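What follows is one chain in structure tokens, specifically the form predicted on its own.
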Amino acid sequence: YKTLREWVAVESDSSNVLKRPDLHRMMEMAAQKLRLMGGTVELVDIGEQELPDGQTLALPKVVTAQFGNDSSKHTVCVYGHVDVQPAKLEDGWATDPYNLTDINGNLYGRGASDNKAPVLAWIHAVEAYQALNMLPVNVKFVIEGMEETGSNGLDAMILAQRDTFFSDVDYIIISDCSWLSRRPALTYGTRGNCYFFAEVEGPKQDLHSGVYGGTVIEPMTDLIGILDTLISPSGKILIPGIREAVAPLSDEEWKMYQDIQFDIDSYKNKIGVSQLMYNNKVDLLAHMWRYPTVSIHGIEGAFSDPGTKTVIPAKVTAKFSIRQVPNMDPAMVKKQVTDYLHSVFAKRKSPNTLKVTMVIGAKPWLADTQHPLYEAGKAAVKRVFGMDPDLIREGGTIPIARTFQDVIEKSIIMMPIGGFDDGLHSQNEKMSRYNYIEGTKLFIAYLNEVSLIKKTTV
């Protein structure tokens, strides 16, 4: 816990430019830890980031490390990150978010579960094998410091090192996710994300509703009108072509969802709602993981301060996103959304102008649960926990998985050790002592199982 306490104490918040020195120090600490274990360690410079005001700021270096280079063994690459989401005591934390606090076997602190303890668990797993001088596979680490803000610079670094650092990698392991229940899980899919701005512009400046209300066609009314055509009250996406593109739910998949441990009532209590979109487990999980969704996030340019203001905004921009699932293509979704919104807008016969742009187009990721990597995962879970894992997907997006898949073209497994109630990105984030210790054992067992996978000659 000493190392985890030291790591959690560093405010490595990648979204706050004032904390950038802490982030650089965090990367140096991770590198030093790996150096002391005898790894071949590099701090890779990935350049600078441009801030909205035009200034540039150095990105935190990416730490790469290598343990073992026996060509007769498999080489696995473990990816993790040591940057965190913002956290302040006054946000509603019961303890200081940057002082790891042990309460009833739970270790509370920002970044404990996402992703500092999992990264350390991997490091401790390798350390244990090093001490016994019997590392069963070669292990490489890629540890970054910008994951929470979109992994700036990492794609280019992976591409640049594809034929050097990554050339001998057989498998990639990501442990940046959580279990769904108290049962251990292996994650085999994530949704992607297409994020849109829809901007409606009218008069050349904001107007007073008393003076101009009733004479001008208001951009805000147009915008709300077209947003309302994206999705029905029951959650059905109304944009033509999107639902048709989704991979159909197979019988095996339905059965997998049926077997998963998941309690709808505790899920409702956790988020504080009385009713969900679906009231049976399979439908709910399917819509969380393998169907697309439209979410409207906000409207820029609208009046949102406390109090009253009788303004007609001249220009408003809606922010909304569509989670991507297999068989959907972001380029196609961009066209479908743009064409649909323009056709809906045209029917309004408004003199205002509409501009639709897609600012993020992250693809989904899906693995084969019958792959030897997952068979090894099932065996390791069985060995450490005495039960079969739940095979689950993530509703969110981990874009780096797709980058690894597309650039390095190797198989990936996501192996979480975080608990379902760890509170990632939320107040009182924690990693339970049980998950931290048993998770480290799981990683130790897993490296052994992977070493038993037959080497295939291409």
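Just so we're on the same page, rigid core means the largest C-alpha set that superposes within 1.5 Å between forms. The shown structure was predicted, so the numbers you read here are calculated from the model rather than taken from an experiment. Start at 1 and count along the sequence shown; that's the residue number.
One more form of this protein, predicted together with another copy of the chain, exists but is not displayed; see below.
**OP:** Check whether H425 has any heavy atom within 4.5 Å of a heavy atom of another copy of the chain in the model of the complex, and answer yes or no.
**Re:** Contact check for H425: yes, within 4.5 Å of another copy of the chain in the model of the complex.
Subject >> Close approach of T149 to another copy of the chain in the model of the complex, 4.5 Å, heavy atom >> reply: Taking the distances in the model of the complex, the answer for T149 is yes, it comes within 4.5 Å of another copy of the chain.
Original post:
So, in the model of the complex, is M220 in contact with another copy of the chain at a 4.5 angstroms heavy atom limit?
Top reply: Contact with another copy of the chain, yes.
Original post:
Using heavy atoms and a 4.5 Å limit, would one call G39 a contact residue for another copy of the chain in the model of the complex?
Top reply: Result no; G39 lies far from another copy of the chain in the model of the complex.
**OP:** Name the stretch, out of 287 to 295, 118 to 126, 374 to 382, 131 to 139, where some heavy atom lies within 4.5 Å of another copy of the chain in the model of the complex.
**Re:** Within 4.5 Å of the partner lies stretch 287 to 295.
Subject >> Listed residue that, although another copy of the chain is not shown, lies within 4.5 Å of it in the model of the complex (heavy atoms), from M157, V333, L341, I231 >> reply: Partner contact (heavy atom, 4.5 Å) among the options: I231.
Original post:
Between the options R243, R182, K355, K309, which residue brings a heavy atom to within 4.5 Å of another copy of the chain in the model of the complex?
Top reply: The residue in contact is K309.
**OP:** Sequence order please: the residues of 171 to 194 with a heavy atom within 4.5 Å of another copy of the chain in the model of the complex.
**Re:** Residues within 4.5 Å: R191, N193.
**OP:** Taking the rigid core as the superposition reference, indicate whether the CA of P136 shifts 2 angstroms or more between this form and the one not shown.
**Re:** Shift of 2 Å or more: no.
Original post:
Does S181 move its CA by 2 angstroms or more between this form and the one not shown when the core is aligned?
Top reply: It does not reach a 2 Å shift.
Original post:
Under a superposition restricted to the rigid core, does L89 display a Cα displacement of 2 angstroms or more between this form and the one not shown?
Top reply: The answer is no; the displacement is under 2 Å.
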